[in-house]
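What follows is a pair of forms of the same protein chain, given separately as structure tokens and numbered structure 1 and structure 2.
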Structure 1
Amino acid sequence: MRIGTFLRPALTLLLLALVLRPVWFTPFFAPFAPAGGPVIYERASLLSLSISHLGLVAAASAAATLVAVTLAILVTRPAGAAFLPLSRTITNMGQTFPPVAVLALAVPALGFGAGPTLVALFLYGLLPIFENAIVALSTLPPATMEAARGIGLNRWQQLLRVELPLALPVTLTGIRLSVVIALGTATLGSTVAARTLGEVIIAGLLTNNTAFVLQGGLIVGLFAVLIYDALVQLEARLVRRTGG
């Protein structure tokens, strides 16, 4: 769902204000805070938590995209078609195990902090990218592929100059879904001491402070909506450019 032209800058300004000047929203959150308790989360900078949160999502999504697209390229080649079942099993791992279970299993090996969170986000983000990339690479226009062969492009040139650019819009749909899922799932990383916006939400739950929960949830929600919208716009531009 794309947000309106006038709503987009309004939501962007709201997000910036919540992150940079949260004290402005004290009257809004005050009714949800316990009597005599803090209204605005001040144990850590919301800006630093937001940057750390987005950094984890970006790193995990980039790694998931690289692995998922590479696997999709492999299994859509005649020589690699036999590996499709194995590749599907690998990319389904993140969906089979809940993120909390992945975090719990990763902590003994990686310790507390960003490591387990990156593993969970990476595994959880593989499937949508992989499946969309397979669809994109398997449904390329036959006439276009024949023309590419006709002008003398070898297999690598066809892949890099024709197949991947044509497959990009559909692949980007999978990346968009993966990123939005990761934005929400990353909040769980704070349960294993990763610096994410989940720290604000968890602090609210532990102290029965609904104001903190609303503050953290609203910031994460706005990030998800705006990033989703930005990727939808990018996808639409790519479709127009490729004539899809």
Structure 2
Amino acid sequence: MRIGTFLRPALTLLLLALVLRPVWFTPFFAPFAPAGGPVIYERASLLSLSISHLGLVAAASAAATLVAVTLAILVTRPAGAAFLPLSRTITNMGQTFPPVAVLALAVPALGFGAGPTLVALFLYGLLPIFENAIVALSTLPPATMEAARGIGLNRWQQLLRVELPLALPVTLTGIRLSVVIALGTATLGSTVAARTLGEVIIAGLLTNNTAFVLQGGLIVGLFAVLIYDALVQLEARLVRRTGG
């Protein structure tokens, strides 16, 4: 905890500097660049790549959350119960699909660019959220649900006032897993010509320029770690509040 309070702002500052003022790091990256080659990636602004990267992840994750939670609510209602085993099978099987393969398979269907990346991120992001939301909604404390019925809440009120709030922390864990996977997979989106931070790493790999690889890797890694950490904090706060 104490390490976290010190490290978190430090890493955030480092990330901001790397994205906004990459030139500052020239002395650090220079030893890794090939002789005479560029040290700092300048073909595109790192800020715009970051925004595009995070935008893709945010859009895909938001859509995935909306769809996954809606589906999870539907299959945990009495009317949708027949689909519960099937949806478990789909999540189990779906998660064995490698993210890279999902991305690559989206290309033949959708062509190159942001489109296939978005679809792959969305499809792959659905599963952890859906799985966690189902677990959360189907393992609510029976005494609480009994009490909710007992005090006369109707089904809609039970869902909104009791089930969803109680299911939130576990669902959020699913969203966190999904966002972290999406951040990583979006990097690969650059192999199908989406504008993401993966572009920097791939440029480095193609030109044997380790400085680019380090630069891109560091930025993406920091984003992932900080976003992961922020979501963990959010979950911890929610769990404290619901006493889970």
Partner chain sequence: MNAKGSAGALSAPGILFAVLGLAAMLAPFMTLAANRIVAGDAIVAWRLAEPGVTLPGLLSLAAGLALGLLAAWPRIRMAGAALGLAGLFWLLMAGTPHLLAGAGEYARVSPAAGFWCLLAVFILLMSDALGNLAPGPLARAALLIAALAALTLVLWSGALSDLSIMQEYAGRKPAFIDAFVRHLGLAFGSLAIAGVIGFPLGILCHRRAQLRGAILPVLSFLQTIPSLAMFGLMIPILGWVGQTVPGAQSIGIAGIGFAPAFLALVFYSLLPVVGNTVAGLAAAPPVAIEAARGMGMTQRQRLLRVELPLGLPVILTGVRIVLVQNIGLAVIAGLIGGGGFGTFVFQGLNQTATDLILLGALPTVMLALVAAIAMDILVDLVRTTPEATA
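If you superpose the two forms and keep the largest set of C-alpha atoms that fall within 1.5 Å, you have the rigid core. Here, a residue number simply tells you its place in the sequence of structure 1, counted from 1. Bear in mind that the values here come from a model prediction, so they are computed numbers and not experimental data.
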property: Label of the structure corresponding to the form predicted in complex with the partner chain; result: 2
property: Residue shift check between structure 1 and structure 2, rigid core fit, residue 164 Cα at least 2 Å; result: no
property: C-alpha of residue 94 moved at least 2 Å between structure 1 and structure 2 on rigid core; result: yes
property: Is_shifted residue 111 between structure 1 and structure 2 (CA, 2 Å cut-off, rigid core); result: yes
property: Rigid-core-superposed Cα shift at residue 85 between structure 1 and structure 2, Å; result: 4.0
